[in-house]
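Before any questions on how it binds or moves, here is one chain, the form predicted on its own, in C-alpha cells.
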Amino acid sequence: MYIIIVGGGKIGYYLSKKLIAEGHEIALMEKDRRRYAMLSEELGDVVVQGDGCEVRLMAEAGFGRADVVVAVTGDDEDNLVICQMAKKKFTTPRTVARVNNPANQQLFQQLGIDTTVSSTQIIFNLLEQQIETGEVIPLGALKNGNIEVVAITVSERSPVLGRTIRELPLDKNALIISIVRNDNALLPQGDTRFENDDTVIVMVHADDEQQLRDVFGEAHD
C-alpha cells in the first residue's frame, strides 16, 4: 500500500516508522528544512522536502497513485486543504486528517474527509468516562465516528439488573448486538434478562451515548 503522510512532526515521524516496519511504501512530506534534514537522515529517501499544500509537489510526491493520504500537520486548515485536494484532484481512495481543534471535526466530516482524528476529543472522552456513572468503554467507531461500538458492564447496582432488553428505555439509535456472560457471547433477544457482571456490547449513535449511560448507570442511594 502506498501511503503519503504530510507533516513530519512527532505523529508523522512515528507513523512513518511504524508503516515502514510493516512493509508499506510511504512518502513523508515536511516543509521545514531543518526538520526535513533530521528526518531524512534517519528515514532516508522516503522524506520529501516541501509544502504539502502545493499542487505541484503533491503531483511529484505521487498523490495520483496513493492509496491513502494522511495529513497530520499542526494546522487544521492545511490538513483540510491537503485532504480535499487529494480527494477532488487526485481521487485518492482514502484520506485521514488530524484535527487539532475538536470544534472543526464536524466540518471536516461534512466536507468529505474519510477519517478524522482528534486527540483532544479522545482524551476528553476518556476523562468524561472517569467522572460519569455507568462506565461506557469505546471499542470502535464507524462512519467517521458518528456510530460507536461500546461495552458496558452491568453491576449489582445497575438499574437494568434483572430487567429484559425489551423493558429498557433505549433510543432507537441504540442497538444491543451482544452480551458476554461467563466468557460466552450471546445473541440477545427481547426477553433476555441482564445479570450481574454481564458485558453488554452496544452500537449507538455518538450523540446518544449519554442516554446509554443514564440507562445503565449505577443507582445511587
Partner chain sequence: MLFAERFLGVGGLLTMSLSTASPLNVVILGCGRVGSTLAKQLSQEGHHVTVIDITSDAFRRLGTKFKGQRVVGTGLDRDTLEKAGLSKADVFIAVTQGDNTNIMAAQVAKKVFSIPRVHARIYDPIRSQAYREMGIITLCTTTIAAGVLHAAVLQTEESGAWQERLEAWDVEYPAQLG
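Treat the numbers as computed from the prediction; the structure is a model and nothing was measured. Positions refer to the first chain, counted from 1.
Omitted here: the form predicted together with its partner chain. The next part is about that form.
- At a distance threshold of 4.5 angstroms between non-hydrogen atoms, residue 104 is in contact with its partner chain in the predicted complex.
- Using a 4.5 angstroms threshold between heavy atoms, residue 53 counts as touching its partner chain in the predicted complex.
- Its partner chain in the predicted complex is not approached by residue 92, whose heavy atoms all lie more than 4.5 angstroms from it.
- Using a 4.5 angstroms limit between non-hydrogen atoms, residue 81 touches its partner chain in the predicted complex.
- Of the residues given (117, 111, 147, 151), 111 alone sits with a heavy atom within 4.5 Å of its partner chain in the predicted complex.
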